[in-house]
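In structure tokens, the next block holds one chain alone, the form predicted on its own.
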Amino acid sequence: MKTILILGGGVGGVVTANELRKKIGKEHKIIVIDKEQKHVFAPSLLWLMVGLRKPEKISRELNRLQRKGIEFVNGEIEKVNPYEKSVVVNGKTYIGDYMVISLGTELVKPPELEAVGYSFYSLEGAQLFWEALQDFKGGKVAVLVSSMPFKCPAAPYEAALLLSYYFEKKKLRDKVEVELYSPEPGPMGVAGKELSAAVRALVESKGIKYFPEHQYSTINGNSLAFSNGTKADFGLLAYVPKHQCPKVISDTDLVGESAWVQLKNRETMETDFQDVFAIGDITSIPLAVGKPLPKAGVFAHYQAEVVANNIGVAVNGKGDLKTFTGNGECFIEIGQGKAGLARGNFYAEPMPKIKMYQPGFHWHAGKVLFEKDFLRRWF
């Protein structure tokens, strides 16, 4: 009998567990460990923040995995030992034959931002922002990327676009200024200059004021200050919190110079430790362009399928190994029931080969179907 420990109940962890359960016999144990009781479908937080979703519609209890023969342990991971493939949770030690690390990023809300703004990267923050938004009748709304790196590269731009459309529907657009501040030189830069320019043009075509290369420094009341010396007042603030590697992992030898988990093989997601894999946002995968692979759920999903397949081959002693090729796609919500799509290969050299598809109703419908299918299929 083999035991597979899966750390994290996000996209990567849930897909790994489900795919593994299909591939290996019930005599083998699959254990998913997460400090949260619920899985939140993160792409839908953007809809939640503008009132297009309810919290209960975009989350699922992780203990539902147990109906599929997957054990779920709810608790804080206190220690990870990649040498022994062991973890300590709620004072109890679990030892595996294989370990898959899919803990994502730790989101840190700067206290001074949390006091006056709302992080739309969490269920609670997006819901609180929606409650505040309903009382907002005019003035400046700021969308702030507080630091780099951050997951879901399109999300701040989608947030600004959805807010612009929300005020349009409410017939308040002429009374509201929507502004977007980011330390990036341009949107979704890893995807190339052409796509970055297309997203920027889309944002600015909606009357959204975009301020790239603005690194957040401090806040005083309702005024943001940036390292380049500029300041910006606001009436309502939605922000992307700081992202960092979870301390329980950064305290181990899994982490490299990037401050994220280092991989031995970016195609199989193997780490330097035997039978220990890492997938999703917790990794840093260098690309030929000199930047890391973006942190996005689609990559965690595809990497999970590869890892589950390859562990299944090892456990069963038969089957064909698979590799993660660097392919991915991202819906870009723009409001009006429309979305665009960026799709391509990020491992391509010398530059990622990404294509931006014209926004339309069909891409938005595609994201809605994806949301429904994900929550139905994996739980």
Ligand SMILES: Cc1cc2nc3c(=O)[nH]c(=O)nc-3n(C[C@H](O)[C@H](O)[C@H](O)COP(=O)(O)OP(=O)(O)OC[C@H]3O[C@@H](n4cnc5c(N)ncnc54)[C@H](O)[C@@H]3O)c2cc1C
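Quick caveat: nothing in here was measured; it's all calculated off a predicted structure. Start at 1 and count along the sequence shown; that's the residue number.
The same protein also has a form predicted in complex with this ligand, omitted here; what follows describes it.
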* Asked: K35, L45 and K151: each with a heavy atom within 4.5 Å of this ligand in the model of the complex?
  -> yes
* Want to guess which of 253-261, 288-296, 178-186, 210-218 is within 4.5 Å of this ligand in the model of the complex, heavy atoms only? -> 288-296
* To do: Select from the listed residues V145, V199, A155, L224 the one whose heavy atoms reach within 4.5 Å of this ligand in the model of the complex.
  => A155
* Asked: Which of these residues, V203, V87, A300, L195, gets a heavy atom within 4.5 Å of this ligand in the model of the complex?
  -> A300
* Could you tell me if P82 has a non-hydrogen atom within 4.5 Å of this ligand in the model of the complex? -> no
* Asked: Should G117 be counted as a contact of this ligand in the model of the complex, where contact means heavy atoms within 4.5 Å?
  -> no
* Might G138 be said to contact this ligand in the model of the complex, defining contact as any heavy atom within 4.5 Å? -> no
* Asked: According to a 4.5 angstroms non-hydrogen atom cut-off, is Y121 in contact with this ligand in the model of the complex?
  -> yes
* Which residues in 12-26 have a heavy atom within 4.5 Å of this ligand in the model of the complex? -> G12, G13
